[in-house]
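There is one chain below, alone, in structure tokens, taken in the form predicted on its own.
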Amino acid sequence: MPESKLKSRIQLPWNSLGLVAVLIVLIIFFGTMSEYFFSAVTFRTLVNQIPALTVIAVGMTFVLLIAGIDLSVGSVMALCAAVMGILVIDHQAPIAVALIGALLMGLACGTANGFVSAKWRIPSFVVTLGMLEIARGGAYLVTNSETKYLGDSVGFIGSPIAGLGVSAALIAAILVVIIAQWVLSKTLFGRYMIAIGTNEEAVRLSGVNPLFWKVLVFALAGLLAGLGGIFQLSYLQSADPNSGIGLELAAIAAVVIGGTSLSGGRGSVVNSFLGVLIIAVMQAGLAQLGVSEPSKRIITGMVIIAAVLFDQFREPLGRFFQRK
């Protein structure tokens, strides 16, 4: 793929300016409407709640780039957290072993998604929908449908660092965003993701087998779901088999708001992170305004639809203004 066309599909930093503007407008709006929004407590709470969604949105960005979708990430996250909780509480495993166990479980789920989907060319929507049920059932089984309380043994990951106000999980999530954007922009793997999402058959005819790369993408998405499970468990200090319900929709919303195309071949990890921030600010602001949970879901759904509609008209509008 020509360099100029590749750069147009890996959205460049100036593409983020519109998202930054939306984020600033939301912050000003909610700050004006609520006297409590502009406070250290609000922002500290907000940024320390997003690490799990952030890393899962990174994995979702990669999956959407290859024209796939992963509906299982919320359930996989819950399963990975449950595995970690069981290892620590029931088997007295060291924290490091429990962390590795959670990550390996996520990796296994993601690899299975990718292999079944790519090997037999089954739509990833169907495969990951099946994994959603399998992982959720697994989370209930391993915890016996009970919440496992770990307390301070894992709180050091998700609790704010003294003097900084942000958690180690947030710092790690931001590092994941930076590394993933570098992978997408600067590596052969990133080029293959864009190429597969743009025209998989052309990639196959060029002598590259998309199977390996598609499995790798889904495996990474599963691994990041496992990391998200660790972050969520450390923030709540408990492993709840009901956690992560609907998180896949929030991740898709953040990625689509960030401009990644649902049809594949175009996207940005940094913009997906900005999408996460927009959703987090919107939900926090609506909560402070006393908006009910059903109303928040309606508003979030409308934002998702608006983002998808904008994505559909992005290229025609771009060509129109270029002619002008």
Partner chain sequence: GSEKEAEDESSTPKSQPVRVALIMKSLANEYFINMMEGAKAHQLENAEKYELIVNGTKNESDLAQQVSLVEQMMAAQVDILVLAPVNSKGMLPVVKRAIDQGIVVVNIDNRFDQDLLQQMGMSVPFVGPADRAGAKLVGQEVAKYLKAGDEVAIIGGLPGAYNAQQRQAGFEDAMAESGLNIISIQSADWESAKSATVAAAMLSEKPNLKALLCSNDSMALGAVAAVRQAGRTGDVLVVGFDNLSAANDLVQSGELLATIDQHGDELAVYGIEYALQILHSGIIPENIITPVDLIVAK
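Residue numbers count along the first chain shown, from 1. Being a predicted model, the structure only gives us computed values, none of them experimental. Just so we're on the same page, rigid core means the largest C-alpha set that superposes within 1.5 Å between forms.
Keep in mind that the form predicted together with its partner chain is not shown, yet the notes after this line are about it.
Engineer: Between the options I245, V97, L164, L175, which residue brings a heavy atom to within 4.5 Å of its partner chain in the model of the complex?
Structural biologist: Exactly one listed residue reaches within 4.5 Å, namely I245.
Engineer: Does its partner chain get within 4.5 angstroms of any non-hydrogen atom of A287 in the model of the complex?
Structural biologist: Yes - in the model of the complex, heavy atoms of A287 and its partner chain come within 4.5 Å of each other.
Engineer: Does its partner chain come within 4.5 Å of any heavy atom of I27 in the model of the complex?
Structural biologist: I27: no contact with its partner chain in the model of the complex.
Engineer: Wondering, does Q181 line up within 4.5 Å of its partner chain in the model of the complex on heavy atoms?
Structural biologist: Output for Q181 is no: heavy atoms all beyond 4.5 Å of its partner chain.
Engineer: With the partner left out of view, is S153 within 4.5 angstroms of its partner chain in the model of the complex by any non-hydrogen atom?
Structural biologist: No, S153 stays farther than 4.5 Å from its partner chain in the model of the complex.
Engineer: Of these, 215 to 223, 236 to 244, 97 to 105, 80 to 88, which stretch puts a heavy atom within 4.5 angstroms of its partner chain in the model of the complex?
Structural biologist: The contacting stretch here is 236 to 244.
Engineer: Check for me: heavy atom within 4.5 Å of its partner chain in the model of the complex, for each of T54, Q92 and I230, yes or no.
Structural biologist: Spot residues vs its partner chain: no contact at all.
Engineer: Using a superposition on the rigid core, decide whether the Cα position of I28 changes by 2 angstroms or more between this form and the one not shown.
Structural biologist: Shift of 2 Å or more: no.
Engineer: For S263, is the CA shift between this form and the one not shown at least 2 Å following rigid-core superposition?
Structural biologist: No, the C-alpha moves less than 2 Å.
Engineer: Based on a C-alpha change of 3 angstroms or more, tell me if L129 and G301 lie closer or farther in the model of the complex than in the shown form.
Structural biologist: Farther apart, which means the C-alphas of L129 and G301 are at least 3 Å more distant in the model of the complex.
Engineer: Knowing the Cα distance between M33 and I304 changes 3 Å or more in the model of the complex, does it shrink or grow relative to here?
Structural biologist: Closer in the model of the complex, by 3 Å or more.
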